[in-house]
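Consider the single chain below, provided in structure tokens and representing the form predicted on its own.
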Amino acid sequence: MSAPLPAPELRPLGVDGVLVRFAATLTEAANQRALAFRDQVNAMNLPGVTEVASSLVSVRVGFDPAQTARQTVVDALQTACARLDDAVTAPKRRWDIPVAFGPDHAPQLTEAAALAGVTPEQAVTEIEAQILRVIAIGFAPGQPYLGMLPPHWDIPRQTSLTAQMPNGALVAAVRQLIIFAADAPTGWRHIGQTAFRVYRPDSDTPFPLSPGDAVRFRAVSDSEYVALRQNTDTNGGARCTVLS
């Protein structure tokens, strides 16, 4: 049985925010509570609240000081914390996303697999078998942090940065995967490539993924990946299934 989570901490965050933190380090249970709390506060429709945004283990609640007082918001959040249980919140959507794991599109798969104690083929099989969660969106617009992989995937970041990771790169570290939203440097290892775009600024839904969504990856050949990338109408061949 896992240890009980500590009581949530409520802390001021600037002149117009309150941070509700459920743990000091990332665990699946703490992330689940953060996501459930975000949904609960959104459903409360608190007057003057302007934003309810979750991260890995915390939730920021923003408010307009001209419309409500900080203490009023804190009192409401303390009541919400007291009502929050540890039940797992089922995902409302599941995404199936094609990924190329061939050598041309996964230059660090062998290295990452070795750190996880598996072969590259086993690594791909394990990743395909996982139903991951979007545990947070951050660092770049729409960029998802996906977890949690099995414990042997608790591999460290690189000690130096890769100068540029391409848009759509699937990268791994610390039991998590990320799909890169834009060309950028990183210390995470490049283990696959998807044509799925997690940030589409010209779309009615610029951020297709949301915290709490389930994600499953499907391996495709390099040629299939190239075809998906060229077909701009399918967003990389990703499919979204509404679960509830």
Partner chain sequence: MTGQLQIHSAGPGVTIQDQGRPGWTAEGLSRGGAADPLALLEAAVLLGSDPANAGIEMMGMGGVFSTTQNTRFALTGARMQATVDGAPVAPNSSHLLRAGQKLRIGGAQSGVFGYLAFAGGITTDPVMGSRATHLTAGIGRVLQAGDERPLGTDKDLLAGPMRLPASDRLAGGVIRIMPGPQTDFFDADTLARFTQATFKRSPRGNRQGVRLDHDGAGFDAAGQLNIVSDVIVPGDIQMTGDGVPYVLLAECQTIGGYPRIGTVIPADLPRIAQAMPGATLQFQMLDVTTADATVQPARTQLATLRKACQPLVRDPHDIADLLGYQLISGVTPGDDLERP
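What you see is a predicted model, and the numbers here were worked out from it, not measured in a lab. Residue numbers count along the first chain shown, from 1.
Although not depicted, the form predicted in complex with the partner chain is the subject of the following passage.
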Candidate spot R21, A66 and G138, all three touching the partner chain in the predicted complex (heavy atom, 4.5 Å): yes
So in the predicted complex, does R70 come within 4.5 Å of the partner chain, heavy atom to heavy atom? yes
Contact with the partner chain in the predicted complex for R60, defined as at least one heavy atom pair within 4.5 Å: yes or no? yes
Using a 4.5 Å heavy atom cut-off, state whether E28 contacts the partner chain in the predicted complex. no
Closest heavy atom of P91 to the partner chain in the predicted complex, within 4.5 Å or not? no
The partner chain in the predicted complex has a heavy atom of only one listed residue within 4.5 Å, and of L46, A53, A36, A219 that residue is A53
119 to 127, 94 to 102, 165 to 173, 139 to 147: which one contacts the partner chain in the predicted complex at 4.5 Å, heavy atom to heavy atom? 139 to 147
Counting only non-hydrogen atoms and a 4.5 Å cut-off, give the residues of 183 to 209 close to the partner chain in the predicted complex. Y199, P201, P206, F207
